[in-house]
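For reference, the chain that follows is the form predicted on its own, supplied as structure tokens.
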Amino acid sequence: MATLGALYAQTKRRLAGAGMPSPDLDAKLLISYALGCAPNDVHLKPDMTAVSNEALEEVIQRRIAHEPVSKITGSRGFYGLEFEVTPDVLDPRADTETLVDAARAACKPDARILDICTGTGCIPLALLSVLPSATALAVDVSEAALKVATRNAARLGLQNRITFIESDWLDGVEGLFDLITCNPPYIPTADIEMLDADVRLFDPHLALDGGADGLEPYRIICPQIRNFLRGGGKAFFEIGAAQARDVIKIVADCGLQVDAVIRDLGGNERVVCVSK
């Protein structure tokens, strides 16, 4: 019989040997998922008897094959909340919390929010969780992604304050909004094959591919923003590396104003704030 601490050490060594970037955290989460214990039990209860089983071996092998831990466990933390993730949605990333922070600071408590390319619904649901009088409309072209987002709203108890619709960009949207948020696909098509295997093999390309230069979604969305943004309202777009200058030009060519370019915790230009 092995102890939980020994099992953790063994799993961590295997993941590190396979080149996984965070073997300690991955080992904790995979053991917790497979054995049904708390992640910190590997440190708090290292002498507890544990048995390596087929379920643990399976998830270790899946991680060694570069499947993200979140896709294995079906859950990812974002903005202090837990979101269901599946192969149909992009994993919520910590960088996107920069957008949520900026949008939260700029909007009134009872804001009407529009989220475009909603995926898991992480952006509007995170905002609703801290803006108790706000409501939201979230759109995505993927029916499968919308099913995930709908379940996330229900598990967070926010289903009565958000509506999800299937829409090709803004085609199915009506009304005016105080706040518009969007984390669109922004990876140039040719660059997708150079992404880490965790992303390239397991995130939906529909949520990654931004066209030849990665800017096509901004060219589609920005000219339409004026029709949906209430006076005094703001729109926040996540952007990729080195895209700020190009997105600013697209915004300006549409007769809109760039209020700010906001950097993430890594110092990268991550969010463009836009107004009429």
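From 1 onward, residues are counted along the sequence shown. None of these values were measured; they are calculated from a predicted model.
This protein has a second form, the form predicted in complex with glutamine, left out of what is shown; the following refers to that one.
### Message
Using a 4.5 Å heavy atom cut-off, which residue among 147, 93, 112, 155 comes into contact with glutamine in the predicted complex?
### Response
By the 4.5 Å criterion, the partner-contacting residue is 93.
### Task
Select from the listed residues 134, 162, 102, 187 the one whose heavy atoms reach within 4.5 Å of glutamine in the predicted complex.
Contact check passes for 187.
### Query
Can you pick the stretch from 45 to 53, 203 to 211, 228 to 236, 31 to 39 whose heavy atoms fall within 4.5 Å of glutamine in the predicted complex?
In the other structure, the partner sits against 203 to 211.
### Task
Flag residue 199 as yes or no: does it have a non-hydrogen atom within 4.5 angstroms of any non-hydrogen atom of glutamine in the predicted complex?
Yes, contact at 4.5 Å.
### Query
Taking 4.5 angstroms as the cut-off for heavy atoms, does residue 183 touch glutamine in the predicted complex?
Because a heavy atom of residue 183 falls inside 4.5 Å of glutamine in the predicted complex, the answer is yes.
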